[in-house]
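Just the one chain here, laid out as structure tokens, in the form predicted alone.
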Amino acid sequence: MEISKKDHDLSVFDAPQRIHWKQYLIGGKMHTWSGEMEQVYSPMGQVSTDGSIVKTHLGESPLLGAEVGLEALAAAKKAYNNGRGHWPTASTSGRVAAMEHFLKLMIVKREEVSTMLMWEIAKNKSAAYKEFDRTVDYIRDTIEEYKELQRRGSSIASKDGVLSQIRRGPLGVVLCLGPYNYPLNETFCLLIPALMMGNTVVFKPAKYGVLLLTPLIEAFQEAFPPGVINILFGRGRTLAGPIMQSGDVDILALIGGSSSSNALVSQHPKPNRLRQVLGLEAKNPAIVFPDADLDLSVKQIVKGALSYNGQRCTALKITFVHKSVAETFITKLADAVDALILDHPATDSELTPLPERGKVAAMEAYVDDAVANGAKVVNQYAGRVNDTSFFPAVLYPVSKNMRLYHEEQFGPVVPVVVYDDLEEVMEAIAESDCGQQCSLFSTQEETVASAVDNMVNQVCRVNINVACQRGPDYLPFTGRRDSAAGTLSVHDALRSFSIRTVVATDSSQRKLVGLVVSGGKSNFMTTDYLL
């Protein structure tokens, strides 16, 4: 494949000071690891003394063994204590105070975490700071939603001679495994509501985006009681398998792929007891109708397909365009993609290197397969820049006999399918293993109305003339089929990590109930209204 003409110098920026991290958090104590370490390199190289480009060494993190993972699980189990531990029985105000204290400690780490987001996973500068700030906002919003949830449960109901109080309670021990593409925000969208509802957690960061979390570990240690949050480092297959095999995990919280989640769930001896909160793969389609505003469509599809190089589950992974506008659309799309800049994340360029090892080769394999089966690369600058950088390739026309038609590429390759009969598109989407979102591009009321009605039972979010996206965080975020289990949002995540629990009696016990409530000794049976 021809080398891109946009081969920018990614080596001119000074890397941050190396982080040699040997600690892990179990049972409220920071432990030091003396065994094998994982070397962490940036996708961006640097110029050596002889003028050659060498990998940028960012530091190292522990490769903990299975026995350490089981120690963390035991600590989480002890802290939960079958629902009788300090954290699951804590008052609303107690949990809020702990989370607010953590947030205070987190905010001062903004610069460190955001800088490592740039260097470790090549997220551009504005996106790195935005991820941190959005996570802070998410925690604040979760605290407020938790207060509101408790307010709604602060009353005693009386109906048909039955007195009752309904609140949401924790489920137990959570195994939390975050993704590399949003290692702070999406990880915390699992972690924070799980903790807020009184669960205890064993947390392992993703393979990429490890060091950026290290500035926050002491904050977790200080803010939460011992054993409530336990933080491990290492390989998932080494740590997660034995933890699941124990049968002591009550919730699997994972953002990744369905193959990984299925493998873990299959190792649990009592899967019927296991709640799954999962964000998985997606093959989100864009549909460009004959009456679409093509300039708007191209702008949104470029944004949707290539923000953070397409390394998002919410990215547009395939575009269907009507044959009557296909040639004009593909010309505009190719030009718009070629106008993007690939550069160092610190320059705030639209495109950056790819953090996954072997990702460039994987993108080339998709392109080669499509070309071998009749597609063409229609933009000028497509292809490998170096071992970690790949300028986006727009492929057209893509058809069913190509891998890109069915598989989630999770990278900067943009497949375009031409269609004549809309039924072909609807059948392809209905038959897909994924069902997260779609984007519809049309200017006509009748077209949009019909398309929405066809799509709302195939995907969980239909976007009209805008790219697929997760936010705002008050909207539900989920998917059908292999795309998700459970629902995430500020409102829904608290419910995903909890269960409704009822205390009830008959009206003859009114006096006793009144004494319990007024005595103020129960954290569950209380009518205190948290402001």
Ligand code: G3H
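Everything quoted here is computed from the prediction, not taken from an experiment. One rule holds for the numbers: they count along the sequence shown, beginning at 1.
Note that the form predicted in complex with the named molecule isn't included here; everything after this is about it.
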- Listed residue (Ile121, Cys313, Val249, Ile229) with a non-hydrogen atom within 4.5 angstroms of the named molecule in the predicted bound form: Cys313
- Note on the structure: The listed residue (Asp343, Glu281, Glu131, Glu186) that reaches within 4.5 Å of the named molecule in the predicted bound form by any heavy atom is Glu186
- Query: Which among 211-219, 98-106, 235-243, 175-183 is in contact with the named molecule in the predicted bound form, heavy atoms within 4.5 angstroms?
  - Reply: 175-183
- Using heavy atoms and a 4.5 Å limit, would one call Gly471 a contact residue for the named molecule in the predicted bound form? yes
